[in-house]
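The chain below stands alone, shown as structure tokens; this is the form predicted on its own.
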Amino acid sequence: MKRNILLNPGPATTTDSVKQALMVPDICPREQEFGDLTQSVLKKVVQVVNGNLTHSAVIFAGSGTAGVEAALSSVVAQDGKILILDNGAYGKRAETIIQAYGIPHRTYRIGWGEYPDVAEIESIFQQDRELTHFAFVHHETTTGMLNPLPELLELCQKYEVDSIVDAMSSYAGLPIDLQELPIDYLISSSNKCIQGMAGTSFVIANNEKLAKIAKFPARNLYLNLWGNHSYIEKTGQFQFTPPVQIVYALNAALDEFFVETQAGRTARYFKAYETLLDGIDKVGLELLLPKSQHSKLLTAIVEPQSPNYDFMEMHDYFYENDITIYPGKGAKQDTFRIANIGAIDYRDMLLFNEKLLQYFEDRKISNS
């Protein structure tokens, strides 16, 4: 099968075995066999972050945004209020979801590419004692920034607010241990660092917190967290029609994760990141963020100020060579972005570096 190197932040390059897992006999998703698969997948999803003693996964048919909307719309009581961290497109999207439901909220908004000031966030909690929840992105792929997860969780505990962590692009890529990090609701999807196919998202919820939302008036149906959880607990099945083949592929991807191990996957990703930085340095490009803020899963690169540079032309050049690169998304400077997640390694990044240098030399692109 033809292999494309996807350097966008998901859906990511997958292994042939994950692709082959899509090719299963047709089955009614209400059969016991598929229910058993679903239950196994849910346990494995939680096991990735060592949460089986304290947390449960609720799965949805839909992109990562479905999981985010399910959590945000379901866990805030009628008299609750949520604080949103907006330092990128996905923090902003969380705010947009909250606004659509008319849920009381407050937003800590800084530039896309600015690092959160934990002291400033603490002052908001001190001033506004009505806050009951804090939602923020762990790895903000707008810029490749890794927001300060442990410090933000400490604030949640100190001010007794529930944490809602969008770990869409860090789950299975970076070590997250729910026995060490007190995350109440962690959200991700099947098509990023877990290396499955796009089509499902999930909320990994603390069991005690999840039980408390049972009596909350539902703001929706399809994305109601408790409704979906209680149904699958009773029946072992999705509440609504699942993307059957995508669940089989996710199961295969989870099995591959446990064979590689979290340490192995993180090391592979980090080696690809270090290789990428070598190539960026040789071309003379500038990074958007200081390295101390890098997730090491995606890197935002400042676009060169050269009349010979055009991102779409560069994109098409790479695409013709079976490599996909990604444009910027409203950061404080114009960027393009290169991710190093999925079923790739440093050798793929060496190829990218080679093509990047060739492209810049052929078109006489200078960053000066």
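Residues carry their position along the shown sequence, with the first being 1. Keep in mind that what you see is a predicted model, and the values were worked out from it rather than measured.
Separately, the form predicted together with a small molecule exists; it is not shown, and the next lines address it.
Visitor: What stretch, of 204-212, 78-86, 284-292, 161-169, brings heavy atoms to within 4.5 Å of the small molecule in the predicted complex?
Guide: Heavy atoms within 4.5 Å of the small molecule in the predicted complex occur in 161-169.
Visitor: If we define contact as a non-hydrogen atom of the residue within 4.5 angstroms of the partner, is residue 40 a contact of the small molecule in the predicted complex?
Guide: So residue 40 does not count as contacting the small molecule.
Visitor: With a cut-off of 4.5 Å between heavy atoms, is residue 342 one of the residues that contacts the small molecule in the predicted complex?
Guide: Contact with the small molecule, no.
Visitor: Just to confirm, residue 56 within 4.5 Å of the small molecule in the predicted complex by heavy atoms?
Guide: The answer is no: residue 56 has no heavy atom within 4.5 Å of the small molecule.
Visitor: Does the 4.5 Å heavy atom contact test between residue 90 and the small molecule in the predicted complex come out positive?
Guide: Yes, residue 90 is a contact residue.
Visitor: Heavy atom within 4.5 Å of the small molecule in the predicted complex: which of 225, 137, 272, 72?
Guide: Result of the distance check: 137.
Visitor: Quick one: of 65, 324, 52, 306, which gets a non-hydrogen atom within 4.5 angstroms of the small molecule in the predicted complex?
Guide: If I apply the 4.5 Å criterion carefully, the residue I get is 65.
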